[in-house]
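Structure 1 and structure 2, given next as structure tokens, are two forms of the same protein chain, each shown alone.
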Structure 1
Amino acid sequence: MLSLKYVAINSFNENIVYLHKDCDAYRVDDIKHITKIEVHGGAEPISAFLEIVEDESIVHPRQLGMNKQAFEQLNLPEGANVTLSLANVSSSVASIKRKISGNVLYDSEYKAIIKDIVSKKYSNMDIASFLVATGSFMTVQEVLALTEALAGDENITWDKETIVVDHHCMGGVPGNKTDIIITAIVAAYGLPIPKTASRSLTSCSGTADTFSVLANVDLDEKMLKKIVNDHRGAIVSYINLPITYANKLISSVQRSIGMATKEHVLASIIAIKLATGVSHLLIDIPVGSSSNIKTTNDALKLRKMTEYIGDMLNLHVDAVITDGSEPIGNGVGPVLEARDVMRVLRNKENAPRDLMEKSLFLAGRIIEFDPKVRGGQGYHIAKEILTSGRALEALNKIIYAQGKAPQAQLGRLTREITAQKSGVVESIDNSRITRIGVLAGAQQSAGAGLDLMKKVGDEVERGDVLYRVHSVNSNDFAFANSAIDSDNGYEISSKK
């Protein structure tokens, strides 16, 4: 019997318990390996990793310390009596082994795995194993099964609405922040759009990162419903919504191991939309040789998969294939992307045209989900809403309701990358630009990133600035510069 103590450490999704090395109830000396244990005493036993403490101010020999995650899950008061047993490897791990051996998993296996993830029987290591094992191939049926398992049984309901829309992009194109503009236009039009956004997994900035430069994105379910009811739109980080908990745990591991397959991303996107009660979903599939989806064939395959899963789960899906051959807009990184978005919404002269046109096209497709809109009219309605300033007005209301963010600073460590010869920009490598931006610190510091002055097709003179890199932290700046020196991501052809 040990007495429960709260240890105020936040370990981000991992349950950890602390035993003193002189604990007399359990032989701690023998522990030489990572050890997963079960704690008994609450309504359900919980799993946690064991760490050994040599400092009585953290835990006494008769106490069991628990970090924030474990303490919250066990849900007992400090001082409660608890006992320990060794946690066995979860039985669903057998499915992961079957997958490694090349098998197709049954729907029930995905359900069991996701159940183990949600109940925290899986550590981050176990989640990584699952993601890598299913990373080599998944059948369409498997992606459907994973989507259903991730969506869970509960979802937000929108009693007064007949259509609830949302939009998501498959990623891979730096600077592609159409979501915020689309949300503004669609909300101004009047369709309810509870836009669930994610933090970056492998990119420089997720929509949640970019929008958090402008507003608070950490809303709970009640706030989300209220703001969408009042203003027809909101942009929230889905990780604060308990109904998308499994996705949060998985994305945290994806980010850490730096891997997110198309199938996993698609399953997660659709699951989150189902959980938030979306009825009509637009999926943007950008294709480009240096993007996530490299060929039109791959994009078509993904579109068909998306459509099939939507049909099976009773979600109206429109999947559109777009140009992902180069970055969209000029900014790459949260602050710079937010700047581009506001330039478009303010109808500024220097607003990036490609970002504006793509946003109008996609917003138009969403507006056409409204049965009252005649096919082909969506774009024109979207354009009228944007140019009239109504989209800006709608977004300002949403920002105000969510809570305006304090002014963010652009990173002060800068370098201008110039053309080594005169000619025409032949190509810009998306994945290289992403790599440089990530190294510059964009995933950590909102003010870090790249500001692209030239795009594909632009004529350049030798010495013209191609882009400016911004960092907040000098270590990051050094890494970005050394990456730029080996390959700056731009191809200049001599012909004009």
Structure 2
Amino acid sequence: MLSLKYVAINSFNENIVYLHKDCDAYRVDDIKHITKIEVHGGAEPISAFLEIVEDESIVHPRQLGMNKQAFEQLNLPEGANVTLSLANVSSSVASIKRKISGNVLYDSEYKAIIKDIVSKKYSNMDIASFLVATGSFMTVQEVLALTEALAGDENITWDKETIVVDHHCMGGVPGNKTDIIITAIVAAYGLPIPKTASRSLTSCSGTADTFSVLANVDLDEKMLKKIVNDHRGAIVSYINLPITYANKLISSVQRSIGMATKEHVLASIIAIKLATGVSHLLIDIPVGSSSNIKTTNDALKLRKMTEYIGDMLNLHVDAVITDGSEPIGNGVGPVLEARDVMRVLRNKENAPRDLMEKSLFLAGRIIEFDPKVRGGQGYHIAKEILTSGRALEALNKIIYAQGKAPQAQLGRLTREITAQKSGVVESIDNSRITRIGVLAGAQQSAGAGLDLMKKVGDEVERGDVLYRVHSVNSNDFAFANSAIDSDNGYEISSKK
């Protein structure tokens, strides 16, 4: 028996336990490599990585230390008696090995894998192996199976609503924060839209990051339902909702390894929407040579997959292929993107027209989910809601209901990137702009990012400002400048 001790270490969803090197209850000297063990004593045994310590101030020889994640999962008080055993390899690991060998997995295998992830039998390394194994290829049936497994049994219900809508973009386009404008327009129209959003995986700013500049996005289910019922819309991070727990663990690993295939993203999106009680979903599939979806043919395949999965899961899906050839809006990074969103909603003359028009188009498609609206009318309804100020009013109500955020400031470390020759902006590399924004610190600091002054088709003279970089941290600023000096992301053709 060992006495349980809490060790105040956060290890990003990894269970870790600590034994002293002189522990006489277990043969520590026999441990030559990383060992996974089971801890017994709680309602259920938990799996964890074992680490050996030499400092008795951390744990003494008759104690077992547990980090934050493991201690919370075991749910026993300090001083409780626990025992250890070597953990058996989960049977679902055999399915991952089969996938690595090129096999198609059965529905039951995906359910077993996700069940083991939820039970914390998978370490972050195990989850990464699963992502890599399934990242090489997945059939449509496998994506469907993964979606069902991720959705789980914890679902939010909307008893009085026959239509509950939402929207999601497949990503890869910097600055594309149509989600917030769409939510404002659709809420003002009257359709319930519980917009679940995520933090950035690979982009400069996820929708949750951008909206957190304006309001609190970390709400629980009770608050989400109240705000949607009262104001017809909300924009929240799904992390604090009691849904898709496995998806949260997987997304954390995806973020750390920078790997998110379109199949994984699609399964995650639909699972979250199903668990949130959405009945009608609009999927935006931007296509561009430097975006996530490179070709129209790839987009058509993805649209067919999306619509098939929706049909099989009783979710009405409208998958729309859009232009993703360049950034949308002028801002890249939370504060700058929030600025663009508010300019559109306030009908400002300097509002980015591309962001406004795309938002109206997509909001119109969602409004047409209402059977009372004829096809083609949605855009005009959305435009009237925006220009009349009703969308701004709706978003302001949502912001105050969720809790207005303190005003965030732009980073004061700046550099203006200028054209090296006169000509026309031929193209803007989305992936390069994203990379520069990430290096500038946009994923960590709301005030970091890029402010784009020129877009594709604009004429420029030598020395004209193409964009301005903002950073909060000097190290981030240096990294961004180094990347810019190598390739600033703009292609300028000479004037004819």
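By convention here, residues take numbers in order along the sequence of structure 1, the first being 1. So that the term is clear: the rigid core is the largest set of C-alpha atoms that superpose within 1.5 Å between two forms. Because the structure is a prediction, the values reported are computed rather than measured.
Legend: structure 1 corresponds to the form predicted together with a further copy of the same chain, while structure 2 does not. After superposition on the rigid core, the Cα atom of residue 60 is displaced by 2 Å or more between structure 1 and structure 2.
Fitting the two forms on the rigid core leaves the C-alpha of residue 11 displaced by at least 2 angstroms between structure 1 and structure 2. In the core-superposed comparison between structure 1 and structure 2, residue 51 has its Cα shifted by at least 2 Å. With both forms fitted on their core, the C-alpha atom of residue 22 sits 3.2 Å from where it sits in the other form; this compares the forms between structure 1 and structure 2.
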